[in-house]
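There is one chain below, alone, in structure tokens, taken in the form predicted alone.
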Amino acid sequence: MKWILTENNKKINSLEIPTISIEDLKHDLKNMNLRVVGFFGKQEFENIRLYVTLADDKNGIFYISSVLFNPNEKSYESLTQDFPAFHIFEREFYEEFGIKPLNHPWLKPIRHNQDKYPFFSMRGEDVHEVAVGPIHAGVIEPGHFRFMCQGEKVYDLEIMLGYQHRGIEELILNSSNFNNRLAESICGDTVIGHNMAYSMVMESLSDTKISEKSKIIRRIALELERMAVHIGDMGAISGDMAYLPGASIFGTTRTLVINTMLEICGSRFGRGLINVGGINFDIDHSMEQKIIAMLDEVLHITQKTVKVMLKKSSCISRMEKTGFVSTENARLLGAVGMAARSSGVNIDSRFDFKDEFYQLIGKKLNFKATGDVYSRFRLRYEEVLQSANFIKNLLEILRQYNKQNLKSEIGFVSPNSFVISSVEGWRGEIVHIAITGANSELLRYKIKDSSFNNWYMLAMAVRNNGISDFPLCNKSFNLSYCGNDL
């Protein structure tokens, strides 16, 4: 068997992961038609083992295999030529281990790139370059954008990141115990999403069974996080097209959501709520009523504001057909999450990987995607409504488990194990993978934020648009610099 099959948050024996050749891998990729979610290396004595994880979204299964490179093997024929979604994964693998994907169409550094970066350039009397960043106004994180333009029209955008590289994966490996505070700092606007993935990986490794109450409250927090950021982004999109009522109203409405999170756990962003083994703060009857009242108020304001906003031709004309990415290009680039769904690639970890509670409370949105800024705005709105409904349903289920404990006893981490956890954060698929050794020590911890997949969606979106459309396109994705850089 060339592949070992597993499920989300299910432990397997790492020693049973097969070893295949690059040629077999290419052959299988052509026949399996699955999506790449993991492609990373690990040092094995003098060798490098490349782990490949593919997602079968239709059946909720992960396929795992590996390729072993000996010290004399310094290259292989790039997979990106036939499977474009591998482009960013191969670049990262090359940067970390020096094994070159030959004939890769865009082999440039991902994180270690501030010296003599080989920017793409165009020639012609009418062509000019526009450089933005890496330092931006206010508190925006650093990232460099290089535009190739003819007049106002953008022919190409190249995005250079790497300024936020903090070595998060290595820090997790070097932690002497479970480190939820580090996990919730991976990406500051996705505290719940990343901390939940980290906790579930560690709980799977240690055979720790947490209470139903803890599971439900985690998912309530995840949907609150989704609501808060989506509403804030709707305000940011409004601001970038000079619709100031929307910017103001959505901004204050977001505050209602995050202030409720503050009441639950003492942090507007959910810090300190989740720990390996469960959660630290309960939702009692009084808090339940506060959450429901907040949801009703937020929905009333949001629905009314969107209704007025989408009747304005000035708003519609700025969003429709701006920053368009086709379904085909989104799929080829390996887009995930909200960015993928807004272009018609309907993947969602909550439902594809059969989460027990999401299966009880709802189903995927039936969303008519158009691939433009309008589609990304409208999807956010639809997901806000959906999340509010999910939270109410989860609160109702939670009443059945009000006597359960918040925390469970944590078991011992298993040796020679491999676990993958996929969580649908507000931005999209978050993937955490852990591998342990013979003494139960962490040998490799791999993190993939959804921004890692989606930055090239933004580069594709601005092509053939006016350069003045870039801020609007950028806000419509709202990707994370540090989520990419780790």
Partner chain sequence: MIETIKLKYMQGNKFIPDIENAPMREQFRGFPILNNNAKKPEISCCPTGALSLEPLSIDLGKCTLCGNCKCEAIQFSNRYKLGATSREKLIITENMTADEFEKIAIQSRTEIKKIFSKSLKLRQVSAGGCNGCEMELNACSNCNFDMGRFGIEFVASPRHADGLVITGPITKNMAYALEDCYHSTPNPKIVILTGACAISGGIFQNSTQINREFLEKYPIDLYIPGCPTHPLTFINAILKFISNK
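As the structure is a prediction and not an experimental result, all values here were calculated from the model. Numbering follows the first chain given and starts at 1.
There is another form of the same protein, the form predicted in complex with its partner chain; it is not shown, and what comes next is about it.
- Task: Given its partner chain in the model of the complex, answer whether the residues Ser326, Ile361 and Lys363 all have a heavy atom inside 4.5 Å of it.
- Result: No: no residue has a heavy atom within 4.5 Å of the partner.
- Listed residue that, although its partner chain is not shown, lies within 4.5 Å of it in the model of the complex (heavy atoms), from Asp282, Asp207, Glu263, Glu212: None of the other options qualify; the answer is Glu263.
- Could you tell me which one of Pro134, Pro84, Pro109, Pro101 places a heavy atom within 4.5 Å of its partner chain in the model of the complex? Looking at the other structure, the residue within range turns out to be Pro134.
- Item | Interface membership of Asn179, its partner chain in the model of the complex, 4.5 Å heavy atom rule | Yes, Asn179 sits close enough to its partner chain in the model of the complex that at least one of its heavy atoms falls within 4.5 Å.
- Lys311, heavy atom within 4.5 angstroms of its partner chain in the model of the complex: Lys311: contacts its partner chain in the model of the complex.
- Item | Touches its partner chain in the model of the complex: Asp296 (any heavy atom, 4.5 Å) | Looking in the model of the complex, residue contacts with its partner chain do not include Asp296, since no heavy atom lies within 4.5 Å.
- Is Gly162 a contact residue for its partner chain in the model of the complex, using a 4.5 Å heavy atom cut-off? Contact check for Gly162: yes, within 4.5 Å of its partner chain in the model of the complex.
- Pick from 213-221, 76-84, 389-397, 251-259: which stretch has non-hydrogen atoms within 4.5 Å of its partner chain in the model of the complex? Careful reading of the contacts points to 251-259.
- Members of 265-282 lying within 4.5 angstroms of its partner chain, judged by heavy atom, in the model of the complex: Read in sequence order, the residues that approach its partner chain (within 4.5 Å, in the model of the complex) are Cys265, Gly266, Ser267, Arg268, Phe269, Arg271, Gly272, Asn275, Phe281.
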